[in-house]
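Let's start with one chain on its own, the form predicted on its own, as structure tokens.
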Amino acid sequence: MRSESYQIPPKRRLRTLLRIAFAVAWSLLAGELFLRAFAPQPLMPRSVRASDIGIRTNTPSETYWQRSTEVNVRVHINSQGIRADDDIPLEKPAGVKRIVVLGDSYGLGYEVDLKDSFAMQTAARLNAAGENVQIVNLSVSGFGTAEELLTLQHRGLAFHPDLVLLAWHYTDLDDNVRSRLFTLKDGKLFRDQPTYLPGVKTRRRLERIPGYVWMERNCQLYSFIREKTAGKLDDLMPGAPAVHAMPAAIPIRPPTYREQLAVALLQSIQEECEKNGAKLLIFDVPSRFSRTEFASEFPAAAARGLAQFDVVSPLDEFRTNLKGEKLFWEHGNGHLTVIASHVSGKLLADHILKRKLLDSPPR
């Protein structure tokens, strides 16, 4: 006699599914409450889109908050994809000196309010000294020097800058190689890949899921899982960089390919500035190894004999006058604190005034 297969009654099946859903929801809620109470996670959203030149840009007309146990910062992006309260006309008003800022999240001023970013502090001090300065901050989180060159060529020069302020960070060295936007052949810079849009398509798909954006910006459990997963994936990637360590001394060795590429890109940016009547100033954001240990990893050795860059570094201030102060946030994404941004803005403003970098070049 053939036995018939047992069928779970629909009501029991529904009760089972409801129990599973309740258990999952309770576990997620418990995890969220535990993190908020005992191990608060930083919420550091960013929003980028593909631009018409094949690289990322800040999503226009976006406002989001960056929160941690140290900061509660509003980030507003105007309709042009610029971190600014209002839109900025391309035409420069009479009597105004414009500073176009290029950089990554350090240049954008993540984890500090707009007025406290080093770029706006530079402008405030220049204006207090009698200059009439306007900042156009074209920085985008994750940028390297290659993307900054393209941004200057296709967007920055349209704002008629008198000065280009470029925020350098050691991550640029790897970002330039990873993007493959440019390559060096026989010492000359060539355009390689037409686009570099890491994660943009995936992000757009995720944002179509109802509630995803809210979860990303408010859920600490999601932030915890995402950061842990991203860290594991980075470890599995071939050629993943080793743990960043404090250099004992400046090595005497031939420059590496990534250093040569970075210098070539900086040279191209300088040439673009010179052709368009602007000056270039590089702000060297130090690497942090502890609250009192910092270093510069600007590829000066690779640039020696090839180009003369105007570089400002706050290293001396960080190591001496501000020793022991919290200069990089320690419970978020490690950007410059308010005090570090203010000190950097003063150094930059003093340097600009001393070198007369906003004066019009002779015809």
Partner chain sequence: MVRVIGRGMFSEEYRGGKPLKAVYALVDDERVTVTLGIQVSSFTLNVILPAGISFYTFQSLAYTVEVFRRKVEPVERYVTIASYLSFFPLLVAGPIERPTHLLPQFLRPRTTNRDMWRQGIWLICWGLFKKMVVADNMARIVGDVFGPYDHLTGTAIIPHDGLRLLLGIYAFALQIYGDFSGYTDIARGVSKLFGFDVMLNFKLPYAALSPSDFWRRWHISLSTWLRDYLYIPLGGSRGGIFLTYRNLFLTMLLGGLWHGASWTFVLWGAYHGALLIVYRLLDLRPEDKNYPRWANALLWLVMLHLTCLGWLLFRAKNVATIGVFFQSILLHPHGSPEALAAFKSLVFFGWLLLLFQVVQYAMKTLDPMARWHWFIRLNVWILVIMSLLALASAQGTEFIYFAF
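Source: prediction; values computed, not measured. Positions refer to the first chain, counted from 1. Rigid core here is just the name for the largest C-alpha set that superposes within 1.5 Å across the two forms.
Absent from the display: the form predicted in complex with its partner chain. The rest refers to it.
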Three-residue site P45, R49 and W214 fully in contact with its partner chain in the predicted bound form at 4.5 Å by heavy atom: no
Residue stretch of 60-68, 321-329, 22-30, 290-298 approaching its partner chain in the predicted bound form, non-hydrogen atom distance within 4.5 Å: 22-30
Among the candidates L221, I135, V73, A278, the residue which, in the predicted bound form, approaches its partner chain to within 4.5 Å (heavy atoms): L221
Residue (of K228, R205, R191, K185) lying close to its partner chain in the predicted bound form, criterion heavy atoms within 4.5 Å: K228
Its partner chain contact at L35 in the predicted bound form, heavy atom, 4.5 Å: yes
Rigid core superposition, V24 Cα moves 2 angstroms or more between this form and the one not shown: no
Rigid-core frame, C-alpha of K354, shift of 2 angstroms or more between this form and the one not shown: no
